[in-house]
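Next up: just one chain, as C-alpha cells, the form predicted on its own.
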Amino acid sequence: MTTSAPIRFRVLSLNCWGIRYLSKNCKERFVLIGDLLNQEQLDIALLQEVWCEKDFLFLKKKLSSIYPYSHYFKSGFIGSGLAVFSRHQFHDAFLYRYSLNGYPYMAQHGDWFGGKAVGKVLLNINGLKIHVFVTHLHAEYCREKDSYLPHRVVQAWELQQFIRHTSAAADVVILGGDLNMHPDDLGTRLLRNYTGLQDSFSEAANFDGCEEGHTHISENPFTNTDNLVPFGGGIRIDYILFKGSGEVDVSCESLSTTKGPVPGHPFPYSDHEALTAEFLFTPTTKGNRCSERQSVNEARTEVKVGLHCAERMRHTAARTGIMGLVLLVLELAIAAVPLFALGAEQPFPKASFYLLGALCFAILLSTLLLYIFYSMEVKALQGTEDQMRLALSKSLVTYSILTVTAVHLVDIRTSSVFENEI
C-alpha cells in the first residue's frame, strides 16, 4: 500500500427492473438512470436486472465520458443482469454463478433463466486494493410459504465463501446489490457474521432517504402494495455492505436513497430505490471482526430442510417414473398379443391405445427430467451442508485450542503465584 492520505469513495447500487417489453417505461427509465449516474459523480455504480444487453450498451455509450470503464456479467439464458460502471480502471473481473437458483418449471418467476450470480471487479486506487462485488439473489415471492428459502440460503453461503476466498489480500471490500432478504433474515446474518461485512445503513454517520432505509416502498407505482402491507408499507432488501482490513479503516460518511418519482416525471427510476453511499478509507492497524457460529447453525438447519424436501421430490419423481414405465411395458405387452395369438384383434381402440402410450411416454420423460433436476439440487444442497459442517468443526477445533491454551496459561500463572508466595 503506497497511499497515506484518506480517500473518499462513492458507490451506488440500483435494481433497474429492466425487463424489455414487460417492465413499464423501461426505455425512458434507462435514460433517466443514465442521467442520475452522470449527476452523482460516483466512483462506481453497481446495477442489477439490466436483463437486456442493448440497455447496457446504451448506458455504456451515455456514461463513457465520466465512467470510461464498464463490465457486463453474462450468465444463464437471459443473463445475470449485473453491470458495473466505474471511473477507475478494472484490474480484474470475475463471475461466479450460484449452484441453485430456483426451478425451470416455475417460468412465471423467471429466476432460473437469469443464471443469478455474483460479479467481482478489482480496483487499485493509489495503491489500495479495492475488491467490489455486485450480486442479485433469488426473489422471495411468498414469505409465509417460501419454497425458495433453502436456495437463497445456499446462495448467501456461496456468496460469503466467494467473498472470503477471493478477497484475502484486499484492503477494502464492498458488496452492493439486491439480496432479497430483510436485515435480520438468516441469510443476511450469515453473510455479515461470516465475512465481517458491515451494513452502511447501520454505520452511516448521516442518512437521507426513505424511512428505515426502505428500498421497496408502497408509494412506488411499480410495486405490488399488497405484499408490503404486513411490513408497514416498506422493506429493506437492497444493501451496500463494506469492511476494511488490518491496514485500512473504512467508515461510511453518508448514505442516501432516492425517494419515489424522478423530479419532473410521473414515475421513479425503478421499482426499487437506489442506494448511494460515501466511504472514507483511512490507513490504520485495526483488525477485522470475528464470525459467529449461531448463524451457520441456523443456515445449516435450513439447508437440511431444503435437502429433505428435494430428496422427497426426487423420490416422488422416481416412483412416478417407475409407474409410467410399468404402464408403458404393459401397453407394449398388450400390443404384442396379436403377434402371439394369430387372428386375435387388438383389445383396445387404436386411438385410445396410442393416446395412452403417448401419455405414458410423456410421464416417463418428464419424471426423468425432474429426477435429474432434483438430483442436481440434492447434490448442491449436500455440498453446501458438508461445507457448513466443516466450517463449524473447524471453528469448534479453534475454540477448543484457544480454551485449552487459556486454561494452560491460567495454570502457569497460578503456579507462579503459588511459588512466589512460598
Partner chain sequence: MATERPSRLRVFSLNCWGIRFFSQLCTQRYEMIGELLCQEQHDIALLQEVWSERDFLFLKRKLSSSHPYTHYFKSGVIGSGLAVFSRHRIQDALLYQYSLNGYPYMLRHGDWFGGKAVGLVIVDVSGLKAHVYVTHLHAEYSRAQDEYLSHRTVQSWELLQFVRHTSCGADLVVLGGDLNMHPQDLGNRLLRSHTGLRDCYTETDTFDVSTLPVTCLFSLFACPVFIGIITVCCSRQGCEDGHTLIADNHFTKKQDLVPFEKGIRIDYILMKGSQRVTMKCESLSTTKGPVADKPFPYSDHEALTAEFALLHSEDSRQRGSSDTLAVSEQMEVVAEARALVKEGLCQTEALRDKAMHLMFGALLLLLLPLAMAFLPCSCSCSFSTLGLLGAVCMVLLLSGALLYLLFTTHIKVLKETEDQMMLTSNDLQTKLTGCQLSGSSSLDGSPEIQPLSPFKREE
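Residue numbers count along the first chain shown, from 1. All figures in this text were calculated on a predicted structure; none of them were measured in a lab.
What comes next is about the form predicted in complex with the partner chain, which does not appear here.
Q: Spot the stretch among 247 to 255, 315 to 323, 180 to 188, 216 to 224 with residues whose non-hydrogen atoms come within 4.5 Å of the partner chain in the predicted bound form.
A: It is 247 to 255 that comes within 4.5 Å of the partner.
Q: Should Y105 be counted as a contact of the partner chain in the predicted bound form, where contact means heavy atoms within 4.5 Å?
A: Y105: no contact with the partner chain in the predicted bound form.
Q: Verify the contact flag for G110: yes if a non-hydrogen atom of it lies within 4.5 Å of a non-hydrogen atom of the partner chain in the predicted bound form, no if not.
A: Contact with the partner chain, no.
Q: According to a 4.5 angstroms non-hydrogen atom cut-off, is P68 in contact with the partner chain in the predicted bound form?
A: Judged by the heavy-atom cut-off of 4.5 Å, P68 is well away from the partner chain in the predicted bound form.
Q: With the partner left out here, check for me: in the predicted bound form, does some heavy atom of A168 sit within 4.5 Å of the partner chain?
A: Contact check for A168: yes, within 4.5 Å of the partner chain in the predicted bound form.
Q: Which one, R87, K259, K304, R97, lies within 4.5 Å of the partner chain in the predicted bound form by heavy atoms?
A: None of the others qualify; the residue that does is R97.
Q: By the heavy atom within 4.5 Å rule, which residue out of C210, I235, L128, L197 makes contact with the partner chain in the predicted bound form?
A: Contact with the partner chain in the predicted bound form is made by L128 alone.
Q: Quick one: name the residues from 67 to 93 with any non-hydrogen atom within 4.5 angstroms of the partner chain in the predicted bound form.
A: Residues within 4.5 Å: H71, Y72, F73, K74, S75, G76, F77, I78, G79, Q89, F90, H91, D92, A93.
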